[in-house]
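Encoded as structure tokens, the following chain is the form predicted on its own, with no partner shown.
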Amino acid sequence: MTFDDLRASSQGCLACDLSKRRTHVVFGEGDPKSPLVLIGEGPGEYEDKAGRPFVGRSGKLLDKAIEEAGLRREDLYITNTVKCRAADWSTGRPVNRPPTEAEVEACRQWLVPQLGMIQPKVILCIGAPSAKNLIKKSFQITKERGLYFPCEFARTAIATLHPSYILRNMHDGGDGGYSLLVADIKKAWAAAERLMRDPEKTLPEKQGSLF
């Protein structure tokens, strides 16, 4: 199966109830040969409508941070742990919610082979839910963001603040953590480039230190 075959197959997925109300399966986009993959939790309203990851307010802030880190969106690959929007429809108007464990597990049939084909050197988890899924269940974003961790799907993984968190915490005189997001993207890309140059590099046992 090719990468395009995998994407095409995902579009008809009926593995969980998120398929019943989605507009699009948001598979991911960018360079599938990139050494760095950014992974969020799941698509929201705007992503569901567009079929693309990170295109709403959070996406615009992420694009700005990527550019400030000296990169372009097309230099990376961007996806989510689940490919369909998770929302609460109980009031008749959908409100975004975290995906359930069953929904996350159902979507691994797409995420795992997707990452297996990309074979990134570094994964940058966008937000705590992604980090808890891909790094460890007990991950604490305020204490452990920016540190290197072992990862099943890459040589190493790092987590950073989610743009939606930053937007909620922006205020006069403070950036809500935006500068940390930029710094983490720079750090992740630098690590990916170094691992590209030296694929056999042995990672030290000490958590948080890569080189």
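Just so you know, these numbers come straight off a predicted model, no measurement behind them. In this text, residue numbers run from 1 along the sequence as written.
FYI, the form predicted in complex with a small molecule isn't displayed, but the following is about it.
Put simply, Thr156 is far from the small molecule in the predicted bound form: not one heavy atom of it is within 4.5 Å. The small molecule in the predicted bound form comes within 4.5 Å of a heavy atom belonging to Asn80. Although the partner is absent from this view, Ser34 stays clear of the small molecule in the predicted bound form, with no non-hydrogen atom inside 4.5 angstroms. Interface membership of Pro53, defined by any non-hydrogen atom within 4.5 Å of the small molecule in the predicted bound form, is confirmed. Only one segment in the set 63 to 71, 172 to 180, 141 to 149, 35 to 43 has residues whose heavy atoms sit within 4.5 Å of the small molecule in the predicted bound form; it is 35 to 43.
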